[in-house]
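Single chain ahead, by itself, as structure tokens, in the form predicted on its own.
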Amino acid sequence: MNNIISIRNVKKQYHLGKTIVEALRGINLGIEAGLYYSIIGPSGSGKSSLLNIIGCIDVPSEGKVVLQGRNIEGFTERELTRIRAEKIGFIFQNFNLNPILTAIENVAIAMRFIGKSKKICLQNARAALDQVGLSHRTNHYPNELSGGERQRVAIARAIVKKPSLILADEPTGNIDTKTGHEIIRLLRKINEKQNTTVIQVTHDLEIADLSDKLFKLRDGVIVD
């Protein structure tokens, strides 16, 4: 089994004043390279906390996260930033596009973060937009795009640096059902053609059923 991420007895606590919130209460999980995962569960079950830890945005209160053979506990903040910039593509429910940048500029900025030249950034951004079917919308601003088109721009931004892992937090949450299924088919195509590992959080069981593996969270633990 080729695990790119191993999560061992991970716990995550948050302090809200004098109250301790246990978001994760002992998660054990192996993420295999090249598979498509879904994480489902009710609000407050710990889905976003788990995704943030997998994405090196947050660190566990207890337990280990082993990324490609290394425990992230030993990583400096600079190393974690570099991993997020180079190896992980993020897709968010609310798109997170810069409103004053065009589609191609929103995608190219992900390459700038890893030190590529402006020319290379724009070349790769154009290719990524073509890959998601938006070559005709490169110079449009987010407010000139539909919800589905904005999510495609977000996907292009996630894949432009050819990451080994894509994390998608409710990628269909702000678009209609038909467009949502088109987005998932696109992510599935990227997963299969490029052997990119995809982990998505979703409330949609139909979409979750299209994944290779499904994990259900409840009250901070995996129940299925």
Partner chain sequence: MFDYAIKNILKRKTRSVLTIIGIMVLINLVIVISGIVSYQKRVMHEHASAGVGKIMVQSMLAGINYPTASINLKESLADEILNRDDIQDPISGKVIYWQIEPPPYPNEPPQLLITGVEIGKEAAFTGSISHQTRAAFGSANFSNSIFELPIIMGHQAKQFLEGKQRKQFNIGGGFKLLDTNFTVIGFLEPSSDKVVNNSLIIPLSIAQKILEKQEFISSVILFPQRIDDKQYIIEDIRQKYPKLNLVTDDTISRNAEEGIKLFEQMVGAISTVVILGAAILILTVMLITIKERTREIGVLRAIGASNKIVISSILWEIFILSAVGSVLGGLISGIVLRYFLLENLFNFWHILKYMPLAVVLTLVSGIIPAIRISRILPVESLRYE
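Computed from a prediction, not measured in an experiment: that's the story for all the values here. Numbering follows the first chain given and starts at 1.
What follows is about the form predicted together with its partner chain, which we do not show.
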item	value
Its partner chain contact at Phe113 in the model of the complex, heavy atom, 4.5 Å	yes
Contact test in the model of the complex: Ile109 vs its partner chain, heavy atoms, 4.5 Å	yes
Residue contact check: Lys119 to its partner chain in the model of the complex, 4.5 Å heavy atom	no
4.5 Å heavy atom contact, Glu32 and its partner chain in the model of the complex	no
Partner-contacting position among Ala127, Leu145, Ala85, Ile72 - heavy atom within 4.5 Å of its partner chain in the model of the complex	Ala85
Listed residue (Asn52, Ser164, Ser61, Asn174) with a non-hydrogen atom within 4.5 angstroms of its partner chain in the model of the complex	Asn52
Site check Glu22, Tyr36 and Asn191: each within 4.5 Å of its partner chain in the model of the complex by heavy atom	no
Segment that reaches its partner chain in the model of the complex - one of 153-161, 64-72, 180-188, 195-203, heavy atoms within 4.5 Å	153-161
Residues within stretch 128-145 having a non-hydrogen atom within 4.5 Å of its partner chain in the model of the complex	Tyr141
